[in-house]
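Quick setup: one chain, the form predicted alone, written in structure tokens, and binding and motion questions come after.
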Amino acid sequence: MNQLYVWISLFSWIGVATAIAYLAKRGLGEGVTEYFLGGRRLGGFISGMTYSATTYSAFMLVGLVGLTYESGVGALGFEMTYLTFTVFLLAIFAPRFWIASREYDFVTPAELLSKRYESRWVGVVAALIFLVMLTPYAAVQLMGIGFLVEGLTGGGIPYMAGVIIMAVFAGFSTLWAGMRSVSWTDAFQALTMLTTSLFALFYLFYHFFGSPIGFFTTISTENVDLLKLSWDPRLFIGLALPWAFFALTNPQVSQRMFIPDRVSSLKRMIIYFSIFGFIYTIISTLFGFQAANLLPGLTNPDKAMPMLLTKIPTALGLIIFIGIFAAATSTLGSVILTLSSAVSRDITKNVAPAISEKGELLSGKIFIPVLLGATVIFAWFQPGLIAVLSSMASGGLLVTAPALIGAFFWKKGTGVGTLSSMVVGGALTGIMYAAGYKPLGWWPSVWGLGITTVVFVAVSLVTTRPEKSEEFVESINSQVKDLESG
């Protein structure tokens, strides 16, 4: 594809997204809550779209397509496992996060843990885990765009050019107006992602297979191996387990439980996300099957989608390219904003409690370009498959799951137990991932969750529980019951 067309479409889209960010900035108030949570005033549609766009990133139309290309229908089961568990977890935890954020003025998930377990160091350690584990996940978004522009233009636009352009734009829009900018552009980007991918999907159906029925007939006869669930159960569980708890342990999405303006908006957020997620998952896996039939023999599965786009007319290819760029940019912006809030609220404020709100906010803003620089360096090394890297990042974050669940449902959980579980579980999980070590064939995420849970429970039982733990748990759960009965 002519690289000039790619440049024109890219900067045209950036212009529109910048205009939306400008409109969002006009309503931005002052303070930490305004900047990082949009003042907790977002409606159901915007909340649902920002949750969807933050969740479904370059991983889907690059990583999941590549995973389907390589391993077939197992990739669909892997992603549907995530969607099912996410809706289940949101139904249970979203009301509790929402109520707690208002009652205690929480800005970050780590702050919730710090308050519940009455230990500022719990917040610091959780924030550090978020920083370490989400840097590669943020870099995945950059890698997806780098592969995309390089493959789409036959190398005319280098991989790193795509990486740097996306990093600069995501950083600018995030730094400019915080959550309002990110959420408004997310809504635009989510709709762009969905409509452009549907157009491309149906073009490929009719142009190369005659119809959707013709496509399914072709796949079932010529690519029958892809329809067999050939994954080793340990591989499936190892990849799927971190995603099953994604809604709870990944702070860029759990933080979005804080932002709806009312309970009805929170419920609509979950409904909109469920619909979006189901449709987008089906689309992405179908692209993978199409690529397997039309582009056999690719050595790098992550390049299946970029190569697939060369099979469609230029105009349509540019439209779907913008959809993928939108998906990756929205997730990167959300991750960077959440990590900067963790630096501001959970590290700076805990280490220097006397800092002013203005100084606290400034520390978070200053860290945004630092975080982006780290993700660019990570993306430059191209350390592995996008799908595997994404799961690895979520696997590391899985060590916060026992403490988050215990925060609302186990009064005996203690600060020492939480710190011990996150430090021990995080260290062991990270070491196993880095060394490629899988004891008995089970992935580090499985061992990490098991070890973290055991340490959390065991240490909590032999240490003193926080003074107000019972009050916290009973108050939140009582309010949830009132909401459900009302």
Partner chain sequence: MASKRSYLLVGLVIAVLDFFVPFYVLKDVGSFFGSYFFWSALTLTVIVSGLLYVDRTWGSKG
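Positions refer to the first chain, counted from 1. Note that the structure is predicted; figures quoted are calculated from it, not measured.
Missing here is the form predicted together with the partner chain; even so, the following discussion is about that form.
Full three-residue contact with the partner chain in the model of the complex, heavy atom 4.5 Å, for Phe321, Leu361 and Lys365: No, the candidate spot makes no contact with the partner chain.
Quick one: does Leu90 come within 4.5 Å of the partner chain in the model of the complex, counting heavy atoms only? Close contact exists here: in the model of the complex, Leu90 approaches the partner chain to within 4.5 Å, heavy atoms only.
According to a 4.5 angstroms non-hydrogen atom cut-off, is Trp121 in contact with the partner chain in the model of the complex? Outside the cut-off, so no.
Does Gly77 reach the partner chain in the model of the complex if we count a contact as any heavy atom within 4.5 Å? Looking in the model of the complex, residue contacts with the partner chain include Gly77, since a heavy atom lies within 4.5 Å.
Even though the partner chain is not shown here, does Leu227 get within 4.5 Å of it in the model of the complex, heavy atoms only? Leu227: contacts the partner chain in the model of the complex.
Which pick from Phe246, Phe106, Tyr159, Phe215 sits with a heavy atom within 4.5 Å of the partner chain in the model of the complex? Selected option: Phe215.
In the model of the complex, the one of Ala187, Ala292, Ile347, Leu286 near the partner chain [non-hydrogen atom within 4.5 angstroms]: Only one listed residue qualifies here, and that residue is Leu286.
I need the one stretch from 396 to 404, 136 to 144, 296 to 304, 270 to 278 whose residues put non-hydrogen atoms within 4.5 angstroms of the partner chain in the model of the complex. Heavy-atom contact with the partner occurs in 270 to 278.
Enumerate the residues of 312 to 332 that have a non-hydrogen atom within 4.5 Å of the partner chain in the model of the complex, in sequence order, or give none. Contacts from 312 to 332: none.
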